[in-house]
Structure formats: C-alpha cells, structure tokens
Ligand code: APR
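One chain follows as structure tokens, the form predicted alone.
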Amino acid sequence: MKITVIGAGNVGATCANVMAQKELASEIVLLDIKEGFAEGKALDIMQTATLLGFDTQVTGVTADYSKTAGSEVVVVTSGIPRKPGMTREDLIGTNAGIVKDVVTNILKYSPNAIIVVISNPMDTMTYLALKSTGLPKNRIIGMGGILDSVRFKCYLSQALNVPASDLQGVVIGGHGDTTMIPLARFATYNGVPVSTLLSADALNTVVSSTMVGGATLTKFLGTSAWMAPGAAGAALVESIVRDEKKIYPCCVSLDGEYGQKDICIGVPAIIGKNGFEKVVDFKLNADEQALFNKSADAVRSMNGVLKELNLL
C-alpha cells in the first residue's frame, strides 16, 4: 500500500512520520514544490527507522506527481500556514489555488485515492476539493474536527486533572475560532458527564480555550501548530487503511444531515476503508442546532469567496 502526503512542511512531515512509525503503508511518498525539501524530510525520517523499529519506506520527491501513482490515500497539507493575527479565512485566496492544483494532479496518477484535506481554511478547502474533482463525497474528508476534539479533551484533562485518554469529547461545526462547537453536553469522564464534575464557569473556560486553541498555539509558536495536526491526520488515515470504523468528527459533505445541504462541515462520521461511510446523528438540542446552523452560515460565506475568485 502507498500513501502520499502533499506538502513537506511541519504538518505534512509530522503526519508522514507518525504514519511511518505506525507502519500504515509499505511506502509513504512526501511531495513538496521546494527543491530538495521533501527529500531531506524523508531522509531524516528514514534515519529514525532502526531507532523506532519501523520498516515503512519514506520517499521524498520535488513536484513529481508521477511518483505518487497508485496511492490509496493522499493527505493534502499544501498552502501557507497561519501567522500571528491571521484567521484561517485570510488564507483562502492563496491556498485555494494551491489546493485545486494539487487535487487535480493527484487524480491524474491515483484516480481511486481517498483525499484527506488538512489545508486551511479546511472546511472551504474540502468543499473546493469535492466540487472541483466531482469525486464521490465519501472520498473527500477534512481532518479539522479530530484536531479540535483532541484539544477539547486536552483542556478537559487539565481542568479535571485526569488522563486525557479517559475522556470523551467531540467538537463539531466549522474548523474556525468562531465556528467550532465543543459539545460540552456530551463530554464524559469514563461515562460520567463532565458537567457534573466541573462548575459551569470552569466548563465554559474549557470550551472557550478549545475554540481559540489554534490561535493560542500560533501566538506561542509564531506559526501554525504541527504536532497535534499531523498526528490527527495520521489517525484519520489509520482508520481508513485499517478499516477501523472509528467515529471521528470530520469535515464531510452533508445532504440533509444536521439540517444542512451543499456544504462540507464537521460532524461525527464513521471512517473506514471507503472513506467516510456514515454521518452519526448526535440528536442536537435546539441551542446546539442553532449554533450549528450559525456555523454553517459562516462556512458558506467563506465558500462564497471561491466563486468570487472563479475557482468554482
């Protein structure tokens, strides 16, 4: 099996590294447009193989999509990262053209690939990939909700002083600082609702921290985070290639689910060998549905920029 990662920056290289360590494929191709960059990242990863005990072959290439031929899954991380003060929406103009070119080239050599989108703004880039390729909707998946959810559980872990691995928490809606919706009502600690363990103020603080989790890291680092995003992308790929049927909040195309159509936005979905196989209905209450509708409106507004730029 072959997996390709487009973009050898921090997120792409981290995603490739995690997938290599998990041996999700016999070959992982890392592609970048910068001369020698992917080759260097791939060689660096390969020099950890005997230390970390994996046999996956990681190969770096410069702008040669023929080397990606036959990939079963392709992860798209291409585009410029966020800088301090930038929103994900600020990235549309630059990253949309890049992503459209990337998915076109991918399908020339891997027409049956499932495409995982990490590039920001992720909901709009996922929608662009779907509309510009005409692929079946199950084969285009945006990663964002997985990342937002692990950040939610991280902040819950800190507030409760318990292991994050014992927590369940889901974030739906757009992958943006004002559009994501941490579902506090569904968050549990080994089956116990966290709302019974934390005060309302403490839980609201966790929710607020989650929503600006990406911006917080950008402020600290001077660029977008990469460890958790890369690992989240690898987790999504793992559920695909190993047909795990895990429920992950992912950006997928809706056709009436959660009351929305003609949009790619984060909802819980079953992920397996065919990509996203089913949207899971969490039965939102009226307040949660209103927040979801508001988030969908914001994502649609961003999608409208694609038409203004003549990219759809």
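Residues carry their position along the shown sequence, with the first being 1. Everything numeric here is computed off the predicted structure, so don't read it as measured data.
Same protein, other form: the form predicted together with the named molecule, not shown, and the subject of what follows.
Q: Would you mind picking the one in 278, 34, 273, 246 that has a heavy atom within 4.5 Å of the named molecule in the model of the complex?
A: Selected option: 34.
Q: Among 179, 71, 78, 149, which has at least one heavy atom within 4.5 Å of the named molecule in the model of the complex?
A: So the residue touching the named molecule in the model of the complex, by this definition, is 78.
Q: For the interface check, one of 203-211, 114-122, 160-168, 189-197 should have non-hydrogen atoms within 4.5 Å of the named molecule in the model of the complex; which one?
A: Correct option: 114-122.
Q: Does the 4.5 Å heavy atom contact test between residue 91 and the named molecule in the model of the complex come out positive?
A: Residue 91: yes, in contact with the named molecule in the model of the complex.
Q: Does the named molecule come within 4.5 Å of any heavy atom of residue 110 in the model of the complex?
A: No, residue 110 sits far enough from the named molecule in the model of the complex that none of its heavy atoms falls within 4.5 Å.
Q: Just to confirm, residue 11 within 4.5 Å of the named molecule in the model of the complex by heavy atoms?
A: Looking in the model of the complex, residue contacts with the named molecule include residue 11, since a heavy atom lies within 4.5 Å.
Q: Spell out, yes or no, whether the shortest heavy atom distance between residue 224 and the named molecule in the model of the complex is within 4.5 Å.
A: Yes, residue 224 lies within 4.5 Å of the named molecule in the model of the complex.
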